[in-house]
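To begin, one chain is listed below as structure tokens, in the form predicted on its own.
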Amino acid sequence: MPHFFIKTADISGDEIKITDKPTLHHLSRVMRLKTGEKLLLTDENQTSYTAEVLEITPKCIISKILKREKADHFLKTQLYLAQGVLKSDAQAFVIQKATELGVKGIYPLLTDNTVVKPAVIDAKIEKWNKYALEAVKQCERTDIPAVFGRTTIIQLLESGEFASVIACVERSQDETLKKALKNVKNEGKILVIIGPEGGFSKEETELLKNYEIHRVSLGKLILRAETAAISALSNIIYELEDE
């Protein structure tokens, strides 16, 4: 069932009127939606509606609400990812999979070993947010993560925004992720930091040592950056989400 986002202002009684141009175009022109078909629609209050299409015009799609319920397809854990920016396909892959896993936001991280130029990163933020939105629709989660503007390790650590920070530093870790998670409470925002291809520089590793964060290993093998992101997020969700 196609999943799209609406606003409560689109709802009148038992009908939903979709006029948002990108959504309208995608449903009518790309998916070639027909009357009688069903949609899964979610509003900004995370209420989901199963609706049947009644009418399709060039300016709107009108559907009838068959069922409404409070949505729960999202993580309770406030999990954020700071990823050393990877080359195009790998970065898109990380954004897609992190979104599917339920992260609340993704920070493109500019590091010493990042090969992607700052101007290129800045130009891709809008596209990366679109990738995240498409992934949200695919996995039917009911909140939309943000891909923020580029940042640095020190900016994130100095922000004071995060209750817990976990940095995956394979060659100079203090503990395993499993051990670290025993001391991480599922309270406030949790930030996971992953380096780029080639990992963190010596200077960045020393910088991470100067902050009270968890510097962890993901195991005995050295993982690709995109694999490390998926592994770290998956294990954190497994340990914390059922609390």
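Position 1 is the first residue in the sequence shown; the rest follow in order. As the structure is a computational prediction, the values presented were derived from the model and not from experiment.
Beyond the structure shown, there is the form predicted in complex with a small molecule, which is absent from this document and is the topic of what follows.
Stretch-level contact check against the small molecule in the predicted bound form with heavy atoms at 4.5 Å: of 51-59, 34-42, 170-178, 66-74, the positive one is 170-178. In the predicted bound form, the small molecule lies within 4.5 Å of some heavy atom of L218. Among heavy atoms of L223, some come within 4.5 Å of the small molecule in the predicted bound form. The closest heavy atom approach of A228 to the small molecule in the predicted bound form falls within 4.5 Å. Although the partner is absent here, G188 is not a contact residue: none of its heavy atoms lies within 4.5 angstroms of the small molecule in the predicted bound form.
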